[in-house]
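The same protein chain appears twice below, in two forms, each given on its own as structure tokens and labelled structure 1 and structure 2.
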Structure 1
């Protein structure tokens, strides 16, 4: 049985930390605490002491260079140590990491994590445990890497109703799209380069299919709208099918393609939340967020629009966010503020609107065989489904059997667009499956 410990240390006594996980971020955290301990103490009055590191392997550092720490393979050593006041979980995933988080909270220890997967899948359980044992869980590094967006939502915008946000929150896909837009690379070329530079994992599935951005968007929406989000109901699309022809048309039309997490509160307890490649104006601030950088564009009812920008991944930016949480918890331990259970109460369920009811402007590309009457037939279908055309782009093609026609459509219901596209795709002159992307003007 873990010994419950959540007491205020004597003046000048270090805040003692146990670390679970010593991969990229874990080793970065140790490096930051070693290198910048003096400036942390000067600025905060806190001495943050990393005592124990739990990991199966220590590939990033030699054991000799870690001689100042206690090294273990058993995470119970963190939870059972009465000296350790904060457990930092940097293992990731929704398996053993969840056990560590819950056990630490039950022991009265505060927790810092960068684990969006655990929070997305088990937020209710984790937050109820935090309230029951009056132990904090901070997770600044779970979204946006080094961007302090969780603190912004929890504290800086506490006086605002957050109406909507648009988030570039996956560095892998943003790096890839930057190359595809700027250099005309194919998806395959961009992915290969991202893997060579370490921005993409050997298995990049969770990044490129939008799963990572979906988990992060769910967390942000929970904080923004103040209710529980069922992440399984968030619509998700990845970037795997983006082709150079659509990147080129986007440029011609004045747009760039970004993988966005989008959330809009329609009324109390009801929101649309979705993740997908999106056409946004090329001159907008979000469109010019490039490479591995992240950005979150937020609209509050009193503040208005604001943009938060920075590196979204990597050992140093993420470690920076972890230390920010350690600082805040250190102040909490030293009695600077009291436990506030309201931070973890998301009793109201937020209904995630089905995509069929969501309205958006659209880009639609058809590959057709040249013949008379094509536009008349397509526009008749649009009229039947109450879809209005903003513009049409058609280029001469060397192959009359494979001509691209692009339609930019005014805002319409997703269900109507899907039904229209299903009808159009059955026309004999359509050579391949129509390609469709949503457009956000960010106004």
Structure 2
């Protein structure tokens, strides 16, 4: 029984947010805050209020659907608004975006950004300004899209010396390499397909030549090893010259080719950091990261190896990371050292559904005495219980009086399956108790 002792979380003042940039990620952020604000408040007691959006055009949404926001083309409206506590920069690039980030920090506002290019090119100025004005700059979305790797490096691994990491952090090149390895395609074929599907830009240079992965590797290494890194010193090679013959040899030797950002700390203050196509064992976790997915494989001296996997780009995954940063900054603004009873929602029960009503696909093995006429009888029972069959496998058996037959069944309620199996198990030709396993296709 739920304990009726929780009050509604005492929502503090709303956290007021200004957004610069309304492209695919910016509109995804607005969508997330519109759709999921209730659950964010339930979990954290925080009300995240998007007040103002600054963009040159608002083509992703109708003006009417944006009527709750103040819309502007002048970013000074974000920086000069005393009510705005956090400026979210989602314009990208190392131009005007940097100007906005610096101005917001100077105005004492916290900044959340997905802009790895700006952070890599102007790390010194940006972080120095943040320190001087005691404003924070958070950038979970800048590396690995929706993967919470920045927070993991900064907080979860706080007790570890991070020895090394290996990162697939460019979705474009990983998608292309997946096609080149899986289908034997050339670089040119893979690029064309990636552009058709929107995984590669019209000008893919910064992705395919490793520049994007280099910027991200430098940021991760900065967090991992705790110091300032001159990203121009990072050795970089792209995937443009990979040829099918080498992809084929790699396979023959038990490897897959992946574009990796690699960093290893050799001693305090000294590290190797490099980005290039790399042969890695085909059976490793990292080799199985395919298509547009990203993953970071990291070794801590106490944690050992660990891996973080997810979508490295896209409107919704990136918005998920931006909101994680907004949550953390909101907690700081409201004073994080208060006890937060909203962590424990013991004021409501989650009903665990009875297993009978759960739906799964199934594997079912019968051991039967003979083959003839059996399928007709069994499938009639399935049909009666509205269970449909995906496939049937019969094998030659050592003992011709004890033959396995395997059925793969489409999704069905447990109750229906159990009733059908009970009926089937009573057929005289069934020799042993039928064996059942649930199937999850993880799709």
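Numbering follows the first chain given and starts at 1. Since the structure is predicted, the reported quantities are computational estimates derived from the model, not experimental observations. So that the term is clear: the rigid core is the largest set of C-alpha atoms that superpose within 1.5 Å between two forms.
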| item | value |
| --- | --- |
| Which of the two shown structures is the form predicted alone | 1 |
| Core-superposed comparison between structures 1 and 2, residue 40 Cα displacement 2 Å or beyond | no |
| Rigid core superposed: residue 351 CA moves 2 Å or more between structures 1 and 2 | yes |
| After fitting the core, residue 416 CA displacement of 2 Å or more between structures 1 and 2 | yes |
| Core-referenced Cα shift (Å), residue 398, between structures 1 and 2 | 46.9 |
